[in-house]
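Okay, here we've got a single chain as structure tokens, the form predicted alone, with questions on binding and movement later.
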């Protein structure tokens, strides 16, 4: 990877198709295919694959339930989706061919490799989109589960002190988008750049420890993003005024 920006492979109208967009589509297709396969092959006595999938789902569901309680059923689909997408994107981007298979183009008089595939989460556009969806979904759930009146009272009040605190909360909601996106992008981009550099210098055995490290980083970063989303959603779906708290019906 020679630049922060993803490389453009083609354009559809005015929409550029980059190598990170291609990887995003590959990840989406893979997850959808696995979901359809699992849903159509569910057995009373689960196979090893079904048992593994169920164990992962149950673990994340239990974690969501322990933090979000009655709102867990609404939050779990978002948390699980973020975790699976980011984990799959992070791990598949470490496969052979990413960043190395492509075609050469003349860039400022020099031949540069344009890889066909590049890790989706190494693109700031992808991580920013994920963070934006996370924050917007959090606020939508807050309005749905606590009501518009309670939601607005978090940020606006006739009390000057509460109004000042509410303004700080609004600023923090904006910074959530930046922190979520840059944390994921920074860790994945830096790791892939390091791995690519080491692989060029030492093509045999020496890159293996770095590859293992990036596998761990990919898992950790997917967990961090999913858990932060879970915490943010749990906080905003808790009524701001306990005395007006209503039971969330299933």
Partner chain sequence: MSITITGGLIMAIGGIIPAFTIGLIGAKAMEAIGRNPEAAGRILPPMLLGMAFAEAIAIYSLILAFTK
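Everything numeric in this text was worked out from a predicted model, so none of it was measured. Numbering follows the first chain given and starts at 1.
Below: the form predicted together with its partner chain, not depicted.
Listed range touching its partner chain, judged in the predicted complex by heavy atoms within 4.5 Å, from 136 to 144, 83 to 91, 112 to 120, 174 to 182: That would be 174 to 182.
Check all three, 187, 193 and 228, heavy atom within 4.5 Å of its partner chain in the predicted complex: Checking in the predicted complex: 187, 193 and 228 are all within 4.5 Å of its partner chain.
Its partner chain contact in the predicted complex: residue 220, any heavy atom under 4.5 Å: Residue-level check for residue 220: yes, a contact with its partner chain.
is_contact(residue 224, its partner chain) in the predicted complex, heavy atom dist at most 4.5 Å: Close contact exists here: in the predicted complex, residue 224 approaches its partner chain to within 4.5 Å, heavy atoms only.
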